[in-house]
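The data below hold one chain only, encoded as structure tokens and taken in the form predicted alone.
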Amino acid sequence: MRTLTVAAAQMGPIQKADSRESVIARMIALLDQAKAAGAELVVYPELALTTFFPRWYHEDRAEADIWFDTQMPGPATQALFDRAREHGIAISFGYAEKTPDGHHFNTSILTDKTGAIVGKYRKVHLPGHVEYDTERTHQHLEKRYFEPGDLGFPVWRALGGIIGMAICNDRRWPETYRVMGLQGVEMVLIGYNTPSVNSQRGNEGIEKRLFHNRLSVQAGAYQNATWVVAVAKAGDEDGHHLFGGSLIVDPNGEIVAEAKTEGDELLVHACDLDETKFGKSTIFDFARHRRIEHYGLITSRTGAEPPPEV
């Protein structure tokens, strides 16, 4: 048995006026709770350090740079890394990254138990739009402020297992999980900030949004025989609501823990990474059961690009 005790650290709303220091204090409080609960890894949401700023339109794109971090850890986040190191707990969280050469990414990182960054992922599937859209109920300008991730879907041998990361909209795309699944992933860490109302279909409703959240995560876990830890930022941010529904899903696609609130909340579960072995050696034994030659026949007939080999 290879047990990794994980804490999904859901966060309540972060208002536009909230200071970075106040946000870090909340993250540290969750980290302290996780330590008391015996967690070895704490997973925070997408854009955990700020409000979901892509809802705000800046005609001058550079005005949005106030939300971006140019180094990690930096002056504000160092305290979080220090506390994680003191506790001997690994952490993963999302933030807006501005690179030294001026590129902008929606990024997540993974540390080891000493606080050293061992993995970085940049969001590939950016939703939303580029210019202000008068037809939407609210703006979703990720395509304006971020570039698509340029690191692919890597996995890392860390914390006694094979760990991968994804961010928000990535969780809806089967290839996200499959590319990591083909590398033997045993746990996928996902942070998200998802509006309760679809900006292009205002009557969809929060229950259907939560249903699709569970559906995407459970399917990805089951079809790749992997644990998935999906963590939300939730609640009313300056009049714009994000749904919660943070959850931990086992390699059979079953939910083993799910958030009950839209505030700061900790879900803790002892995940046996060896539970991934059964699915990976039976129904989802990719080496025996995937039919690459048939994918090629399909793509040659349709003109589509064949799937990448990993």
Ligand code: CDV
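These numbers come from a predicted model, not from an experiment. Sequential numbering from 1, following the sequence displayed.
Below, we refer to the form predicted together with this ligand, which is not included among the displayed structures.
- Exactly one of the stretches 232-240, 140-148, 111-119, 175-183 approaches this ligand in the predicted complex with heavy atoms within 4.5 Å, and it is 140-148.
- Although the partner is absent here, A90 sits far enough away that none of its heavy atoms falls within 4.5 Å of this ligand in the predicted complex.
- For the chain shown alone, R83 is not a contact residue for this ligand in the predicted complex, no non-hydrogen atom being within 4.5 angstroms.
- Proximity of R171 to this ligand in the predicted complex falls within the 4.5 Å heavy atom cutoff.
- Taking non-hydrogen atoms only, N193 approaches this ligand to within 4.5 angstroms in the predicted complex.
- Contact with this ligand in the predicted complex, defined as a heavy atom within 4.5 Å, is made by all three of E46, K123 and R209.
- Put simply, of G160, P127, P73, G152 only one has a heavy atom within 4.5 Å of this ligand in the predicted complex, and it is P127.
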